[in-house]
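Presented below, as structure tokens, is a lone chain in the form predicted alone.
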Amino acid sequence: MSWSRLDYRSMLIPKRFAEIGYTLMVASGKGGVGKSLISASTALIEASRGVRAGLLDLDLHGPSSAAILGVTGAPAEGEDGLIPLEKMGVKVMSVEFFAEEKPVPVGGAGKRELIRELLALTDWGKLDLLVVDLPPGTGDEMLAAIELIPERRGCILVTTPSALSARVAFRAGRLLKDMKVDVLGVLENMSAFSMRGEEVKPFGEGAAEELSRRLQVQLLGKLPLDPEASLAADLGKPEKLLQTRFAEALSEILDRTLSLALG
């Protein structure tokens, strides 16, 4: 690949993001904490409020945000780049559209190049909010995304109540802060569920509070362990997802968290 090509992409990425009001990155220290469900639901909730919202899934090895919204197919090629697919007002781009259920065997520099391509070639048009589902952990994909996504950005750090999840999330949070990303706060997922009128906390409690204290950021709130949200996500039924307790709780948290960022 020629240097002129690299320079072209480096100039094109800021041009794309100049049309985007705010970029909200959703990060976690490990997989399996519901980061993609939170990312997809955030874009869906904001679009339902009239916000021009986009969703970019950069989890190269386990992309699932698009599937949660029931989005399938291949992006069309427009005059100014790839046109994202759309569902319920959310513009969606994911490596999943190109992988066709095959593994994505890339590593190191290849991951950075793939992320650079997605950021440079996706024609979002004008957006108020772009939600970016970051890869879990602190690897090359996360580093590349943080380095390439311009300012007017912030990040939510997702953990579960388990001490292990919070421990690895701390490493991700420290990296984000070291790279000058505005960490808006910690969001605890799978906090509790109701059984026979009682609140059950299967993963314990207190770890998210300690994580917030160590990172010196807010605890944004806690999301329930909601089987109806999980089922809606598995089936790719965003209209059902919006009606769940999970979405209701997330909506209230977003009201507080994004009010300043989105004006």
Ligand SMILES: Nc1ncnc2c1ncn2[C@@H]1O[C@H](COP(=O)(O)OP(=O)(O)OP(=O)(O)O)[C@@H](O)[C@H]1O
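Residue positions are given as counts along the sequence shown, with the first one as 1. Only a predicted model underlies this, so the values are computations on that prediction, with no experimental measurement involved.
This protein has a second form, the form predicted in complex with this ligand, left out of what is shown; the following refers to that one.
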Q. Heavy atoms within 4.5 Å of this ligand in the model of the complex: which stretch among 139 to 147, 110 to 118, 189 to 197, 81 to 89?
A. 189 to 197
Q | Interface residue in the model of the complex among Ala47, Val33, Ala66, Leu60, criterion: non-hydrogen atom within 4.5 angstroms of this ligand | A | Val33
Q: Flag Leu225 as yes or no: does it have a non-hydrogen atom within 4.5 angstroms of any non-hydrogen atom of this ligand in the model of the complex?
A: yes
Q) Quick one: is Gln218 in contact with this ligand in the model of the complex, heavy atoms, 4.5 Å cut-off? A) no
(Q) Test of understanding: in the model of the complex, would Leu211 fall inside 4.5 Å of this ligand by heavy atoms? (A) no
Q: May I ask you to check whether Ala53 falls inside a 4.5 Å heavy atom distance of this ligand in the model of the complex?
A: no
Q: Establish, in the model of the complex, whether Ser230, Ala233 and Phe246 all lie within 4.5 Å of this ligand, using non-hydrogen atoms for the distance.
A: yes
